[in-house]
Ligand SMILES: C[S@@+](CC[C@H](N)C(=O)[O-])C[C@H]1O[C@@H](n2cnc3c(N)ncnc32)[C@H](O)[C@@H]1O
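Here we start with a single chain on its own, the form predicted on its own, put down as structure tokens.
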Amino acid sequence: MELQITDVAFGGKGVARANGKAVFVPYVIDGEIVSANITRERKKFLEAELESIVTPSPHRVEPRCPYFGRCGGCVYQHIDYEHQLALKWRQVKETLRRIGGLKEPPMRPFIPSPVEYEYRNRITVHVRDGVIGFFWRESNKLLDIERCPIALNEVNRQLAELRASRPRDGHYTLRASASPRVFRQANDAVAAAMLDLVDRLLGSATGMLIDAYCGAGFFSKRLRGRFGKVIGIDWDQHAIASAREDANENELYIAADVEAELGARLRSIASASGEGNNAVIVDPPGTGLSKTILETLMEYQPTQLIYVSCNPATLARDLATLKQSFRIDSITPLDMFPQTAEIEAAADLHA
């Protein structure tokens, strides 16, 4: 059937309407008229595959990757970069409205990636029965990959070496540097912009900083000179060991359950006085914050809370709870992963 694409939803699929239902179509752009085949009918929506572009968008470009459309990694290589950012910004805003109950989310402009390709400092490839690569879109079948255009050249060199070595079946993470194997943001330039953003958002906070899910001290190391005391908490013992290696006297890194340790630390701050403006940074996994952590933050309110998220839906869900006790001053999206559906965001909250 012929469809008018009216929007692009979070995740990358275009949205149209037919027979009173929403229709989701991959690899299209809002404003386009396309021909598509319905592949699956659900109770409330339809899924379709793109057959042809009847009226193309002026934002349509030629994908740089020969695997685009088959590989499950990238979903936006057919869209010019400025429009990718516009779509993602709108997706964050609508998610905050729909799930977070924020009628007018205090959105800031998108922080873009300086480079649209060759930015990833690591990739994980899979090997199975001689096939080396990534998974096909919406499948557990492997697609053989010789080069990944969104990865740094050094990473692609390692991929070529791996392919030449006839590796055993398994998973292989290829990294651009030999730094400690702890979590690190995949786009170095946007990671630096994120540090600058959080540094600016913290303004005049000077007392104690608690960095929850701190990893190897990504935020703490940048901010330690501004605070009287810095406490980093993470369950990953290897990351904590790395953070401790060059810790200053005012830094304490704890390998522990974040839920329990964050509660204990906030209670101790609440019982003390004269600590100055205290701040908490949370940078949880995509599942967001647990109910216990949300309750702890609301009970023992830090002066300022910076919530760094890699999942707009769980960020919106958690902000719907936190807005009962905090004022949400700003939400800034960052494009850590151009060409993909992924979106990072940093929310600035004040008690």
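Keep in mind it's a predicted model, so treat the numbers as computed, not measured. Don't overthink the numbering: it's just position in the shown sequence, from 1.
One more form of this protein should be noted, the form predicted together with this ligand, which is absent from this view; the next part is about it.
- When you look in the predicted bound form, the only residue of E161, E138, E104, D257 with a non-hydrogen atom within 4.5 Å of this ligand is D257.
- Residue F219 is the only one of F219, F134, F110, F227 with a heavy atom lying within 4.5 Å of this ligand in the predicted bound form.
- Of the heavy atoms in P284, some are within 4.5 Å of this ligand in the predicted bound form.
- Interface residue remark: Y172 is not counted as part of the site for this ligand in the predicted bound form, having no heavy atom within 4.5 Å.
- Remark: Y119 does not count among the residues lining this ligand in the predicted bound form, judged by a heavy atom distance of 4.5 Å or less.
- None of the heavy atoms of V92 is located within 4.5 Å of this ligand in the predicted bound form.
- Note that among 82 to 90, 125 to 133, 206 to 214, 144 to 152, the stretch whose heavy atoms approach this ligand to within 4.5 Å in the predicted bound form is 206 to 214.
- Heavy atoms closer than or equal to 4.5 Å to this ligand in the predicted bound form belong, across 218 to 247, to the residues F218, F219, D234, W235, D236, ordered by sequence position.
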